[in-house]
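Structure 1 and structure 2 below are the same protein chain in two forms, each given by itself as structure tokens.
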Structure 1
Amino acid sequence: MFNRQTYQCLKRIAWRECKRLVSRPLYIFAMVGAPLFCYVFFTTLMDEGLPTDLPVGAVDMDDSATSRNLVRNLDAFQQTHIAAHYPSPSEARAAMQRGDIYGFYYIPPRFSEELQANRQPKASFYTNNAYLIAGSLLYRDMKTMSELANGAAGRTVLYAKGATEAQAMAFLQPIVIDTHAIHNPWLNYSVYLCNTILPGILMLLIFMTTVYSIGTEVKERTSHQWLRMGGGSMYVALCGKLLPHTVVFTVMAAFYNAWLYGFLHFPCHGGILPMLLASLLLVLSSQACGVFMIGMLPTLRLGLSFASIWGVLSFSISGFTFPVMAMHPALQALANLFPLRHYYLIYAGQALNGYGMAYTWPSYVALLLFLFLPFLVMNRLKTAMAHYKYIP
């Protein structure tokens, strides 16, 4: 029951924790310096939305006006830059293996001659998909260029047979596709990635800071003093200790929301208040997970390992890089155990798509359920704080 004595205990422990935070540069770096650096680094890294002028090689074995025009048109694409011409495919492949280029476009000998004779010449392109974004963008550009060249050749043949422009275009493209990218019409990768990477990094730092701050009480043999200040209650001791952390991390979460939606003007169709609420719940649920981690493995080394592994896995399984629905059913179920997954669903539903809270309330509830995790390990954690002895 909360009373004046409990309030005084919370106040003393919170003040003690504040002094520990400001006296150790590691806390300042993990709670303020690292998040701010990551906010600026990732948003400026992708400030243009998509990478441009990715280096590509060209192998033009035909060296005709048609092949040269094909290479020039490919170079005109925004994401593609013909950085070098190679005399053979083997040399271009070697350059790609060295990392000089991300792919190359191969035009075989007699390409123009076979094209004019309607013999279906083959142009080939190769991309290095070890670099996922670069490989995907260049594959799209090269494929588009090949289809345009194919259409241009077909149009020339139709013109030669007496077809009008309207007849030729109706034959080449019987269905005209009108494409509109909703909510992110610029196809800005930064909009898709930074809105989840930044909260994910903050979540990882919360995991590790929470585990470290509790684990060092055992390592430095101050856990008995900490428990006594809490009146022997692990609940009071934890609440007082994590209260300053909550304030600092909530401010950092509010800052990335202001940075993304206020300064950079990223889409936030559902309003800023739902995202601030989601950020607060992410902070609280991440702290709860941190308590659970150190409670399950009440050793500083093992607790930090648990926190780092679980935090890093969150980026892969949350769904913003690879859809969860395409994963194995076991992984789909496992994804619900990561706070970042539910934050991502809130962001995609409210900020990006502009849905109401009626469509995203299960994700809010899921973040709230994480707050019950510390209750599962509270007795185990109290026993560790009271009796465990750190062995270096």
Structure 2
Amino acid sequence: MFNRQTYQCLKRIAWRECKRLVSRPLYIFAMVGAPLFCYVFFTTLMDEGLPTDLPVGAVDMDDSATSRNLVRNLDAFQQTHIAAHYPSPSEARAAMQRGDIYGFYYIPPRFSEELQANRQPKASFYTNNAYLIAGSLLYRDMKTMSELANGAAGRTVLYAKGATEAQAMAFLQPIVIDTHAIHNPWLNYSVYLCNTILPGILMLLIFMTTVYSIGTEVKERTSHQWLRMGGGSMYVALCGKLLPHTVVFTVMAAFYNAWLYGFLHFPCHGGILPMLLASLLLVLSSQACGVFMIGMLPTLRLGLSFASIWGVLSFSISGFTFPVMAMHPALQALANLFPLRHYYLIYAGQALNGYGMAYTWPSYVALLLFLFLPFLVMNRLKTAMAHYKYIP
């Protein structure tokens, strides 16, 4: 099947495609410009890793040495920054609605007085969970601070009774939780998100470029010429056409690997080679998906719509923000049809946790299975290329 003539055809079509790619700024934008922009955008946006010094309000109705100390302690926490003091809870709430603060700590009147009299006063903290990440981070800080402050109050009493520090701590906090966030001890959001978002953006653009470059052949009435150059074989025509894309996208994929693991030193415990292999498979499987999309819906507009919706949904359904296990069972099954889902599993298994091939191979195989998709639509695509007219 693979003879000299086929090779010549492939070469000629690939050369034709190269010329087409450089002839329009659109391709350069979609294949190089947009991915590069997103690589830089997401990594610089979340450069801080974990948000620090989120603005918080203090409503100190007591205004005593004890309550001021509480507020000062809270301010010293890494994620929290006391941005303002408010005279009443309702004003603090209004500030929250204005977006000035993400939460506030309320200390009621006569707090220290009741504390000293053993009357167990009650402090409260309010977090704005409409902004979930900021709200959760502040919740953690405020809760820890409240616990520590409670301990501090008890500790003073215990010290006065002659307890050592170890004894006092053992009395105040008998059980301690030691948290080990495996391989991301900094809780770095950039590590957590960028590792899947950057490949996801690339995947979306591969979908679009593949669909567009094939669909536009019909639109520009060049599909006959294209098929002829492939010697009437859709396979040869398609391979020749997509080969230059594969090269460019693989370079772009290698670039984000170099950027993340080489330059930004994100954790890569499984070695770089499995990740490069995964990236190559992601490129190929996305291209295969693209061919399938335009093959199923051989109208440029519908094909691109399919590509957009599948590409954008990938980010939600791949489960790196909201786990797949918490979704509807139907969606759990559907998630397997998204290349990004498997890429995410490979990333978590390889780069983040370093489990090795023995545990991650099913995801590699899943990405490989996507490569069979084009065979399902090959005849349909050929008919479309040979007979379809462009419908706007």
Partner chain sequence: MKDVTLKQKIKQGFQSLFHIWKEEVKNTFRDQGMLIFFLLVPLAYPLIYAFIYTGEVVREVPVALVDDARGSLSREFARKVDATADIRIACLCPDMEDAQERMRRGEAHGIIRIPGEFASDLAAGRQAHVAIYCDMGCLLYYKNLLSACTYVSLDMNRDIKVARAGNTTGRQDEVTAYPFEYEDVALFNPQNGFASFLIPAVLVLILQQTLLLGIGLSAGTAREKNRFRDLVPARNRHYEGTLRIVMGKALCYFMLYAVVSVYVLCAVPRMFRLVQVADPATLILFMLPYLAACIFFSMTASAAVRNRETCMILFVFTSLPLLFISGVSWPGASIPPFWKYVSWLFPSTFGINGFIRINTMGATLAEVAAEYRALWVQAGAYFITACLVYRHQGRIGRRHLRDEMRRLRRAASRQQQLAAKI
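The structure presented is a predicted model; accordingly, all values stated were derived computationally and were not measured. In this text, rigid core is short for the largest set of C-alphas that superpose within 1.5 Å between two forms. Residues are numbered by position in structure 1's sequence, first residue being 1.
Does the form predicted together with its partner chain correspond to structure 1 or to structure 2?
Only structure 2 matches the form predicted together with its partner chain.
Aligned on the rigid core, do the two forms place the Cα of A163 2 Å or more apart, comparing between the two structures?
For A163, whose C-alpha is compared between the two structures after core superposition, the shift is 2 Å or more.
Please say whether, between the two structures, the C-alpha of G232 moves by 2 Å or more once the core is aligned.
Result for G232: yes, a 2 Å-plus shift.
So, superposing on the core, is the move of M327 at the CA at least 2 angstroms between the two structures?
Comparing the forms between the two structures, which are aligned on their rigid core, M327 does shift its C-alpha by 2 Å or more.
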